[in-house]
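Starting off, we have a lone chain in the form predicted on its own, written out as structure tokens.
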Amino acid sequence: MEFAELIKTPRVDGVVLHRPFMPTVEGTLCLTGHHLILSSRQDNTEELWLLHSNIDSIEKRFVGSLGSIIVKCKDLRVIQLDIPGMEECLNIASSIEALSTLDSVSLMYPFFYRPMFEVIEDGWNSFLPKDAFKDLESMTDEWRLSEVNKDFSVCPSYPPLVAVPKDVDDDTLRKAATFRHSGRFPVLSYYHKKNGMVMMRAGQPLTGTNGRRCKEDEKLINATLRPGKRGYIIDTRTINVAQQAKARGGGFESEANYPQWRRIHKAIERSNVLQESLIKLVEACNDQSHSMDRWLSKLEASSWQTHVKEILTTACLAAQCIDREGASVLVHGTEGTDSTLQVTSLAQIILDPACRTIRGFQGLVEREWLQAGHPFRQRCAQSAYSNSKPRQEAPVFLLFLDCVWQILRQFPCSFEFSESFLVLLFEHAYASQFGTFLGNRTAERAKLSLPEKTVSLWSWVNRPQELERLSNPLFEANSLVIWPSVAPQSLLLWEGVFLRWNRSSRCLDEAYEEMVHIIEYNKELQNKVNSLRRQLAQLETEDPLLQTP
């Protein structure tokens, strides 16, 4: 298919762009295969370059011969284009609708994007499982990298290499996979260096109504326990939902077959509920009625902060079991690709200081989201403004980033990265020139040859100038476990995402610049103090009379 076939009117002059808290711009609107571009061709005027894939929905309005298109984006931005001429407006609108809803992944912009920057580090090779395993090998010899899934036949949503207990062979893994949802047998998620406890993740067991059991599955998860120790299974569903799953062939681990494991149910909502919650939250944030009662009731009705609290509480529980109880943990929900990953990745943020660095956080997103099979293409196909009925869309990854922001806000000096890094990841998960978040699983990315045909987001992020921009000026390395408060009054609305386009950022930008200036000035003074101390010490050694009593 040629993009030209979908573009009825490639260019219109005299288009006026309206954006919140920015001056209006009049210029020429151009449509390309992947971008909506508006340029005034004047110096010092910012051009608009908007990816079609970032467009969630559009609305058309007409007053006489003047047409307006309201463009609602997946990053929650809303802009208005005033287009002279009804025919031109209708043509532009229908072209945008066609170009923003392309089904074929291979027609997406990352396959056409050519970087204008020097690729110093190929991000596709930055976080390979074999490299992560080298770090594990330096701490313990109780695990091995299995190639049982090298052709993706055992579990389509797992990577080719997975870390499993050394004493468990591949045949046992194959049999255990038949007992778990979508073949997602228990694999290592995190090793706690402090006490050797581990966190594993999986899909639900397929016990069914007959109480089916699998000796190989029992052997696999028992292999992670130390002699005389018990473990915890954290099920991210209510007991009722887990019971109902039995009728559909799913279920949970029975105490009779897993006597060394204690099962805990912590309810985290399913994807359809989360999508509805996001839509209600964004609607509340865009409500300009300025009524306090209306705002608070709409915010509460969205239940977004409740979901944040549920996820953080479950992650804290997993971290507590590992660090304070000295017990290993297995986390699963139904599929093991949504709430499970929220919990395992947040628990690592709490426990592991390495995950709070820029590079460590990239590795976490790779391991616990991309390689672990979170279906980004399905979940991020629509955002909060889409008019079409939600299918499998859900803000699972956005909720995870929100939870990370809550922890960062409570521990502002413990993270090497700033809020800007989290916002950047949110934006690129929904629409990007990079191939990192394309597809639903590793097998799909391999089939599409993404490492050969697209550029990795990490190649962009890991350039020195970008690392500096995303760095937290308050960062001081903290090797301790950090325990966030999950009390309702401790959890705030993430304004940097949800109110970003609804208010001017000028005052916040100025405050940030002032903070950076104070920190730099403090460093200068500290260096002067150190220099004077060295000079004094030198003088004292040269002249004994100057020595302080």
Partner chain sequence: MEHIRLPKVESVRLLDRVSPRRSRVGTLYLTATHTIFVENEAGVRSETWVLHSLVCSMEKQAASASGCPLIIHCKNFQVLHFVIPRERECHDVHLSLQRLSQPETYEELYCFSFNPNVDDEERRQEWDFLDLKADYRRMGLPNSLWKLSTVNQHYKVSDTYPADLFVPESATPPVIVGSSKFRSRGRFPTLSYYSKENHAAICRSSQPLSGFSARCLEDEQMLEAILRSNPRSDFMYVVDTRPKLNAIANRAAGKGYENEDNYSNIKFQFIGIENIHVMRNSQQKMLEVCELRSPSMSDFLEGLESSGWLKHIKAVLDAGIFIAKAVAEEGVSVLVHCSDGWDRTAQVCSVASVLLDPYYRTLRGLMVLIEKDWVSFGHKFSHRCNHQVGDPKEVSPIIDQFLECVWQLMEQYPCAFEFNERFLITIHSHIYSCQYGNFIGNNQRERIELGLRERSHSLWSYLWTNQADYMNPLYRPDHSQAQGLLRPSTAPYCFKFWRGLYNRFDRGMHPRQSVEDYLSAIQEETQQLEEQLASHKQVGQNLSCLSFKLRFSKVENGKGLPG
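Residue numbers count along the first chain shown, from 1. Rigid core here is just the name for the largest C-alpha set that superposes within 1.5 Å across the two forms. Predicted model, so just to flag it, every value in this text is computed and none were measured.
Unshown form predicted together with its partner chain; subsequent notes refer to it.
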Open item on the list: Please identify, from 73 to 81, 140 to 148, 371 to 379, 475 to 483, the stretch that has a heavy atom within 4.5 Å of its partner chain in the predicted complex.
Closed with: 475 to 483
Open item on the list: Is it true that Ile58, Phe179 and Val273, all three, sit within 4.5 Å of its partner chain in the predicted complex, judged by heavy atoms?
Closed with: no
Open item on the list: Residue-level contact is defined here as any heavy atom of the residue lying within 4.5 Å of its partner chain in the predicted complex; does Arg41 satisfy this criterion?
Closed with: no
Open item on the list: Just checking whether Thr24 would be counted as a contact of its partner chain in the predicted complex - the rule being heavy atoms within 4.5 angstroms.
Closed with: no
Open item on the list: I'd like to know whether Glu495 contacts its partner chain in the predicted complex, with contact meaning heavy atoms within 4.5 angstroms.
Closed with: yes
Task: Any non-hydrogen atom of Thr306 within 4.5 angstroms of its partner chain in the predicted complex - done: yes
Task: Contact residue in the predicted complex, chosen from Ile120, Ala256, Ala247, Met292 - any heavy atom within 4.5 Å of its partner chain - done: Met292
Open item on the list: To verify the annotation, which of these, Ser68, Thr32, Thr28, Ser490, has a non-hydrogen atom within 4.5 Å of its partner chain in the predicted complex?
Closed with: Ser490
Open item on the list: Can you list, in sequence order, the residues from 526 to 542 that come within 4.5 Å of its partner chain in the predicted complex, counting heavy atoms only?
Closed with: Gln526, Lys528, Val529, Leu532, Arg533, Leu536, Leu539, Glu540
- [ ] With both forms fitted on the core, give yes or no for whether the Cα of Glu524 moves by 2 angstroms or more between the shown form and the other one.
- [x] yes
Open item on the list: Once both forms sit on the same rigid core, is the C-alpha displacement of Thr24 at or above 2 Å between the shown form and the other one?
Closed with: no
